[in-house]
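The chain below stands alone, shown as structure tokens; this is the form predicted on its own.
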Amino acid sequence: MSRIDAGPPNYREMLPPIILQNYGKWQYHELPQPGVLKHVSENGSELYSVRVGSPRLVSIDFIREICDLADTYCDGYLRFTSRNNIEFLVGDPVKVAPLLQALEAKGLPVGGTGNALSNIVHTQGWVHCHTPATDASGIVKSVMDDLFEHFGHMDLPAKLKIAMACCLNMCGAVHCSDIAILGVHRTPPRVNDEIIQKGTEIPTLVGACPTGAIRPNPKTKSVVVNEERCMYCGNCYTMSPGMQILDEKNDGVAILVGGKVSNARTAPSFSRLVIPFMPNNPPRWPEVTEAVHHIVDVWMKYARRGERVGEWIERIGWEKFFGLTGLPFSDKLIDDFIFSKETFRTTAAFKY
């Protein structure tokens, strides 16, 4: 049968031979050192995953460089994780140490495993996106520089996953990360009647609003926005450049905490808002960087071994969290201290 372009290729075609031979037979894994995972199968075969942090946006030269390393030390096999880490899949234990030396010589950081900070997943921001409330690459660079010591050392109470999304449409994982940085718009879109009249399909524009805040305006042959219903998401700008959502003075950054995807120990949970707004202050975003660092420091000081940020907060309560961190609590944050657990309840298992 001829090969057709109907979706991605079968993932098994991309697996290293050692994984194919031991598929479903892996017995355990361990962490010989930060950034190195050792997987052992039932028959004693060993696979080493060497995890390396990488930027979200990379050049062709960088890709060629890491592919050359993969060709040299692991028969060309590597993969990117969902948080933008590179994992070199090494089937020969003898090649692990030379690979680590080569990575160090090139300045590529190894870490992000165990009780450490993983690479920060983020969206496009000002580099490419058309509706960002803030930058992504700049903030992530600033925060990662500040917390970088926790990437290569497993010195945290538990694993720490930070995410960054440049608007609340959340192309990133801010809804389910230990600490999430979110760009927020605070003003409704400004309607440009002339642009909408000339080149906008109004029914599509109206249908794009998730809250029904946009309605046709027959008098102007354009649209009108019900500002009380607007959630400042920017979906309308995607449909028409006549719905400008960007606002230099009022756009900024919010911080959420306590989310996770893992079903270990406790059910998955959504992140909750704890800092509703901080200003955009490029190029290093000192307010955002300081806030994230402070939350991490308090978590490290008071959490028990193995407690993710959300699990720690669940144990001590939201009142204690805001007290320990010194963050002001307002009506802009989680719904209330008593019922937040029930309204944000979720699980990885299906319920009928």
Partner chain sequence: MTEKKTPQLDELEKGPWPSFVSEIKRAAVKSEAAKDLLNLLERSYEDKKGHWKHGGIVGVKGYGGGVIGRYTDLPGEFPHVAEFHTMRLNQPSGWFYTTDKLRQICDIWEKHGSGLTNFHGSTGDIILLGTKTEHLQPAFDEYSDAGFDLGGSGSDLRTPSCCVGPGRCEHACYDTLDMCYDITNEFQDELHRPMWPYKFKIKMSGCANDCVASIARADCSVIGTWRDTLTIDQDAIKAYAAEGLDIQGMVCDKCPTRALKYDAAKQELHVIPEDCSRCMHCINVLPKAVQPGQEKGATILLGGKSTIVQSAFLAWVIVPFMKMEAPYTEFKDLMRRIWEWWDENGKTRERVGELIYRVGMGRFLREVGLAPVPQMVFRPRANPYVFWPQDEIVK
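C-alpha atoms forming the largest set that superposes within 1.5 Å between two forms make up the rigid core. Residue numbers count along the first chain shown, from 1. Computed from a predicted model, the values in this text were never measured in an experiment.
Same protein, other form: the form predicted in complex with the partner chain, not shown, and the subject of what follows.
Though only this chain appears here, would residue 43 touch the partner chain in the model of the complex if you measure heavy atom gaps against 4.5 Å?
So residue 43 does not count as contacting the partner chain.
Is there a heavy atom of residue 70 no more than 4.5 Å from a heavy atom of the partner chain in the model of the complex?
Although the partner chain is absent here, residue 70 would touch it in the model of the complex, with heavy atoms inside 4.5 Å.
Would you check, heavy atoms only and a 4.5 Å threshold, whether residue 101 touches the partner chain in the model of the complex?
No, residue 101 sits far enough from the partner chain in the model of the complex that none of its heavy atoms falls within 4.5 Å.
Quick check on residue 175: any heavy atom within 4.5 Å of the partner chain in the model of the complex?
Result yes; residue 175 sits at the interface with the partner chain in the model of the complex.
Heavy atom within 4.5 Å of the partner chain in the model of the complex: which of 273, 96, 78, 225 fits that? Just give me the one.
Only one listed residue qualifies here, and that residue is 78.
Sole residue of 323, 317, 283, 32 within 4.5 Å of the partner chain in the model of the complex, by heavy atom
By the 4.5 Å criterion, the partner-contacting residue is 283.
So which residues in 299-315, when you check the partner chain in the model of the complex, have a heavy atom no farther than 4.5 Å from it?
305, 306, 307 sit within 4.5 Å of the partner.
Can we say the CA of residue 236 moves by at least 2 Å between the shown form and the other one when the core is superposed?
Yes, its C-alpha moves 2 Å or more.
By the 2 angstroms cut-off, has the C-alpha of residue 201 moved between the shown form and the other one once the rigid core is superposed?
Residue 201 C-alpha, core-superposed: shift of 2 Å or more.
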